[in-house]
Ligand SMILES: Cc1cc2nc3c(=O)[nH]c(=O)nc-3n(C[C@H](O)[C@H](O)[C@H](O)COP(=O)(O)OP(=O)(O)OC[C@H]3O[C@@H](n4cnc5c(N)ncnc54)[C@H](O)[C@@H]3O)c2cc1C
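Single chain ahead, by itself, as structure tokens, in the form predicted alone.
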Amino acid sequence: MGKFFKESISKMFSLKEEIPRSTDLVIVGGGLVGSAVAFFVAHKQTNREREIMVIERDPMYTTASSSLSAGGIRHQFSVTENVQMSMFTTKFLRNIKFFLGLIDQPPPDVQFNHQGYLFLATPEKAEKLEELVKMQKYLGAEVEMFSAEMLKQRFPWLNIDGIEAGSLGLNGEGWFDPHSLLAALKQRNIGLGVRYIDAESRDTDGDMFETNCHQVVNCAGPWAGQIGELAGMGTETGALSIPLPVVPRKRFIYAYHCHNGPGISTPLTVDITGTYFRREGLGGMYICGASPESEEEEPSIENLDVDYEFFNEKIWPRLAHRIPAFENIKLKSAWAGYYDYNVWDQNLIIGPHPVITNFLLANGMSGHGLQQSICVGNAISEMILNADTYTVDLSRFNFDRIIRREKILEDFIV
């Protein structure tokens, strides 16, 4: 890593404001993951012995993945660490006043709606779903199985055609306002001495500035692969011949109105087709979305334009089938955002690179970054501060698995 810092760090940052000549820790990307890393390092250290610099090219977060997400948080995953990470975030949100509260100011309000997630299952997948619920409950998640008939009783608006069962999160799941959480983290970080720099990681063009530092954390979200390449990943031989397998993928969220739709207690519901919807505030507003069914259907990432035909041809018919009241809806607005998509196995890559040992990765959460960001930030801080034990053991998610060609596959992909 010394070679990278001495020969290439001057190529990394395009100057938009004066950048310090030296610092201890550089975090590339000031979204939720990067800000969480900065917070936990700054919060845990004593006497501010480490100077922390966060590089963020979009300081208003107008195109940040977290700000453009649906805001969901769930404990229903098939990989144990994914369950634990989201549970860690839930605990943080419940104690947000302690972590992010400021003297003489009201505590941050991230508008946490605790309505839960409802996953529906066909007869072929119901048994597997029940096994996973047992695992989730063993880890402490409050999730219960419901038969189709029980679901119909609890949610009369639901068409149970083709449904054998469903799993419902009863506590700690739901959705919140990610932008409010990000704003609260950034404000608290600045109070802890973290410096946010309006700059961009770049290989050529623009004014360049050299910064000497001890460690770099890649929290660049969808663009993490580019930062990995700047560090030398995928450009040399041996372990450095393997690039960071993270690319941007575009997803759409549609907002619509239905005057007689499901009520205020409605969970974020995931259909057997993968289409999801949830309530958005009051007044009969909802949002929905779905992932493409194949690589061929992946939308272009050249811009954040919305594909309305995807809603009309794919999403709306599925919604209307599962919730008959949604046959009569009015589309109000829509937007697009980017996932940091791990093309290898759609799961987190975390920890130091095996060759560039002071270049740390926190990438590839593939749409789960919002709910995993707080735990990932804490985990990276434990690595940086050389903790004796780790709150959640994420060692399976290190980059070595990419080198070994091993995959960790998650069944609950939305």
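Quick note: we count residues from 1 along the sequence shown, nothing fancier. Nothing here was measured: the structure is a model prediction, and the numbers come from that model.
From this point on, the text means the form predicted in complex with this ligand, which you will not see here.
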Decide yes or no: are 75, 142 and 280 jointly within 4.5 Å of this ligand in the model of the complex, with each residue judged by its heavy atoms?
no
With the partner left out of view, is residue 65 within 4.5 angstroms of this ligand in the model of the complex by any non-hydrogen atom?
yes
Close approach of residue 348 to this ligand in the model of the complex, 4.5 Å, heavy atom:
no
Is residue 166 near this ligand? Define near as a heavy atom within 4.5 Å, in the model of the complex.
no
Hey, in the model of the complex, does residue 186 get a heavy atom within 4.5 angstroms of this ligand?
no
Taking this ligand in the model of the complex as the reference, which of 228, 337, 172, 267 has a non-hydrogen atom within 4.5 Å?
337
Just one of 353 to 361, 29 to 37, 382 to 390, 45 to 53 has residues with a heavy atom within 4.5 Å of this ligand in the model of the complex, so point it out.
29 to 37
